[in-house]
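Just one chain is shown here, as structure tokens, and it is the form predicted on its own.
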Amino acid sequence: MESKTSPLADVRVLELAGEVGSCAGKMFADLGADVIHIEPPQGDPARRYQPFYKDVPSTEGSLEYQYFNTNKRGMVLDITTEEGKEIFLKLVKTADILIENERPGYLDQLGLGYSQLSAVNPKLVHVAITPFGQDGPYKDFPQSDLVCMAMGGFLYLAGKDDEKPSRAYGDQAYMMGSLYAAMGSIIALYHAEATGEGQFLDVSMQESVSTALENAVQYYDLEGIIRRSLIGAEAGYGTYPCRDGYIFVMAAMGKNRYLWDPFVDWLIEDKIEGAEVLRGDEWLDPLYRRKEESVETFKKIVEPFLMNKDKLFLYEESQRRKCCVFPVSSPKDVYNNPQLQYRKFFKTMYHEALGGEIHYPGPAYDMTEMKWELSKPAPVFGQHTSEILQELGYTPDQIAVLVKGGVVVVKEDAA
């Protein structure tokens, strides 16, 4: 490790995972753990994902790969060969945590399952992230992020009434699986350090997604109600267009007045035509607000008001007026957000192999005693293979034989 002052500097994590589990490894790496990202000879599939740095496809240019692999060391190793298995077992002896996303039973077939790995390292925390878990009728079914989002119930929740489900951009199920994998593995690591006993963590992405449904499943279990989004189904609660995008207006919640009245006052002060209609007590009744006629009336009055204003003005002015109106931020808005800029959320790091700087999202937490740091960019293909093999005791001649046999790949100037 480069910095022995890092809080997790004495923790080694082996990451045998690509797009599904790389975020879990990143959380350890950014806090200083020695995370070794192990790629097959054909490379991490994420290296081929768009967008690329300056829109030029290359092995090192995928921005997704760059983001999820900061601060890691990289090794290219074919664990399907006998020599590769031997190297992997030697690495496991030195590791605290293994994060992998192979299909259930695959590592057992290679002789690298938990029973074999725990035999060489009883303290090992072995974390397996799969779509449906290690057992059950669906355990061998193929997957994608969309499958996990749908099977976990999140896709259905993101829609109202009889409308089609709506999927958020990006691999949200993979991220949820990674977050629970990181959380579970750090808990298991504490257990291992206290007892000397490692364990196997079975992380199901379907279950990870299902935990994000708030109380939707309980509503069905207890009351037989199938919940969906209420956005737009009720006057005063939904997304509306404004001059530069969309704004969310939450002027109504139950039979309250504290959200409704200040918003209507604002409309009246702005001399919005028809706004006085919204003064009526009937608008405090959720059933009245859910009538189609009410939804249309509210929309007809409010939209001309919103279309004359920018979303940031609407948000800041609503705060002054104690209203609940907030912007629907695009990625551009997030990047330029004054709060995030003030807190220096986005970090910049120079990448030598790319010959330029990359901007990265920072941590979602800020600890007073533990330092989160971007110290090095994602490893280039085979960058640390030779270095790691030498740490395991391999000589340059032995490494050359492994390279020639296709067991490992070594970056040329790192050999």
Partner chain sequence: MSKKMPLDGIIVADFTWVGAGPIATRFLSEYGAKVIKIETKSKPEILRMTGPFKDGIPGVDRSGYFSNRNPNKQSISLNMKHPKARDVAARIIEKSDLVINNFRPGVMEKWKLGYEDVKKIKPDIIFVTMSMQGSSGPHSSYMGFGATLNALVGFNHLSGFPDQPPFGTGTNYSDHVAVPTHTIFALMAAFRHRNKTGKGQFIEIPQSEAAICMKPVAVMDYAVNGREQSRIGNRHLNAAPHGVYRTSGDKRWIGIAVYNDSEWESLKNVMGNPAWANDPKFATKEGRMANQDQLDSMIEKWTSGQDGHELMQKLAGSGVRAGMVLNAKDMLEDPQMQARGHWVYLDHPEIGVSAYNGCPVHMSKTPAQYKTAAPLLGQHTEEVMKEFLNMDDREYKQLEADQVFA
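Residue numbers count along the first chain shown, from 1. Source: prediction; values computed, not measured.
Unshown form predicted together with the partner chain; subsequent notes refer to it.
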property	result
Contact stretch among 300-308, 267-275, 239-247, 285-293 - heavy atom within 4.5 Å of the partner chain in the model of the complex	239-247
P41: touches the partner chain in the model of the complex, heavy atom cutoff 4.5 angstroms	no
4.5 Å heavy atom contact, P57 and the partner chain in the model of the complex	no
Touches the partner chain in the model of the complex: E86 (any heavy atom, 4.5 Å)	no
Close approach of L31 to the partner chain in the model of the complex, 4.5 Å, heavy atom	yes
In the model of the complex, the one of D171, D261, E102, D78 near the partner chain [non-hydrogen atom within 4.5 angstroms]	D171
Full three-residue contact with the partner chain in the model of the complex, heavy atom 4.5 Å, for Q50, K322 and D366	yes
Neighbours of the partner chain in the model of the complex among 67-101 [non-hydrogen atom within 4.5 angstroms]	Y67
